[in-house]
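What follows is a single chain, given as C-alpha cells, in the form predicted on its own.
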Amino acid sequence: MTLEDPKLDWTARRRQATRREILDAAWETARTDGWEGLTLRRVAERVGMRAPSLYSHYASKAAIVDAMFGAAWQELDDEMAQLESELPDDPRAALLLVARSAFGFFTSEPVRHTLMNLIAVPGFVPSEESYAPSVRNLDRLRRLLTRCGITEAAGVDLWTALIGGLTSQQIANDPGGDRWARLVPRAVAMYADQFGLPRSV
C-alpha cells in the first residue's frame, strides 16, 4: 500500500475526523458538566463510542485535555496572526484593536479561557507540542507591543494582567453582558499613558 493509495488517504482522513469529533465532544462536556465532569465515559457517550474505544485515538483523558489546550492556543494565534496584518499605524488604535480582539476571544468561551489561562484540570501540564502555540502567541504579542512602541519587558506582563483581569471580571460577574467590555478602551488608554505613547490625533 503506497502513500498515494486512496484507501489509506480515506482512512487517515476518517481518523482525523474522528479525533476532531472527540475533541468537540470533550469541549461540549466541559461546557455542560464543568472540567471536573470531563470523563472519558461522558465524552465517549457523546460520540457514540464505548470509553475503551477512545484509547485508539487518545491515550488518556490527559491526552484529550492536552489536545484541547493546543487547539485553543492555536486558534488564538491564528486570529492574532490575521490581526497583525491589519493593525492601524496609530499605536493606541492598534492596542485597542488587539485588546478588544483578545477580550472577545476569551469571554466568548469561558470554558476555553479557563483551560488556557487558569487551572482547569489539577495536575495538568501541557506537552511541548501543545504548549508551542502559546509560546508563538506570546512572541507575537511582544512583536505587536514593540510595533506600538512598548519595548519594556514589564509591558507584556502588565498587558496580560490587564486583559486577563478584565476577562475574568466579565466572565465571573457579568456573563453575556458588557460591564467590563465597556472598560477596555479606558484600560488601554491608561496602559498607553503608562508607557508614554503619543495620543491619537
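The model shown is predicted, which means the values in this text are computed figures rather than measured ones. Residue indices: 1-based, along the sequence shown.
The form predicted in complex with the DNA exists for this protein as well; it is not shown, and the discussion that follows is about that form.
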{"item": "Triplet H113, L118 and S134 all within 4.5 Å of the DNA in the predicted bound form via a heavy atom", "value": "no"}
{"item": "Partner-proximal stretch of 33-41, 151-159, 137-145, 169-177 relative to the DNA in the predicted bound form, 4.5 angstroms, heavy atom", "value": "33-41"}
{"item": "Distance check, R46 to the DNA in the predicted bound form, heavy atom within 4.5 Å", "value": "no"}
{"item": "Interface membership of R15, the DNA in the predicted bound form, 4.5 Å heavy atom rule", "value": "yes"}
{"item": "Contacts with the DNA in the predicted bound form, stretch 39-71 (heavy atom within 4.5 Å)", "value": "T39, L40, R41, R42, G48, M49, R50, P52, S53, Y55, S56, H57, S60, K61"}
